[in-house]
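Just one chain follows, in the form predicted alone, and it is written as structure tokens.
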């Protein structure tokens, strides 16, 4: 134990789990000792007793990781409460194994002022559960023309800036916004899609040609990625590419890395393993933006993760009502629910990737990207913990989602990895799928399958 003054209330010991912390180079059975919401020690093995007055949480059979952070979610509040609310979205995050999420600003109205950032912070605090970090819009109204109050939003709690949902329209606006905030730690997050392809409804390829539908080619993404990376190079602003979907964009990233430009990138579980052939029967429920691309693109994305070119995992959680996804193909809303399946589906897509790399991409790297607490379980760090079962097969049943959105392309699929535990600030908010406090009393042997 390290020398700290311990509070006797709310103290917990997480015992017997396999602790994987990439930052510490740790992969071993440890007991995580938590006091006052902080990790104070990582003890070898599973001691029979540490402090009789502390709650003991049996984690045998689990992998315990620094809390997973999803840097790309859409909580839909304000404006579209029938799709999601902050409270339902954070419940979905907890069920999915996340201790924190970052909320994109394409709400109605957009999160483009300090007051709106502050309102989201208050709403998330009232909801409880996982941390919620606001992302402020780059431009007023996300219209891409006038720079938003970036410094004011940063002071109110915005951890990044993005016009996600569309690329920032004006290069001049984007360039000046980046110069204006070059000294701030908040990165810019790019939605890479050339607006001239706005009429596209899917990936341009053999399937779109067979269906006679307008398609978006990979260059529509790669060209904006190149533009924004050049802005990052010119302004020295930290940059991040959202939901990379195309092999051509991966090549742009490889060039940027060789040129030592400060840019990172994320990938979603659906882009890692699903391709445009799923849309061959006009399945409107599988429409997403950027679109599902070719099998060659998905293979290139998996290789980019293996090579360390893409270092962040994200869900792009974008819930809609069932009727909005069942509309005629060209009119169906794009996107689907992701928080409750993202961890399992990503592990499924990358079975050969080392566990430490998976954990880093879900935790250590998103924390570094957003400059938020977490990403490690080193003594002194926040007691934000994600627990996993690596071999606890389960089948995705959208009716059981906490999210208001019940549409996912992974419905009916069986995954081996299952979130087992979510701890935020030392408090257990999910255990074996149960978000209630009574779940703490359930022994690991009786966990739901």
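Note that the structure is predicted; figures quoted are calculated from it, not measured. Numbering follows the first chain given and starts at 1.
Here the subject shifts to the form predicted together with a small molecule, a form of this protein not shown in this document.
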Residue 127 within 4.5 Å of the small molecule in the predicted complex, heavy atoms: no
Contact test in the predicted complex: residue 288 vs the small molecule, heavy atoms, 4.5 Å: yes
Contact label in the predicted complex: residue 76 to the small molecule, heavy atom within 4.5 Å: yes
Residue 110, heavy atom within 4.5 angstroms of the small molecule in the predicted complex: no
Candidate stretches 95-103, 199-207, 329-337, 346-354 - the one whose heavy atoms come within 4.5 Å of the small molecule in the predicted complex: 329-337
Sole residue of 221, 297, 84, 164 within 4.5 Å of the small molecule in the predicted complex, by heavy atom: 164
Contact assignment for the small molecule in the predicted complex, among 237, 240, 293, 320, heavy atom within 4.5 Å: 320
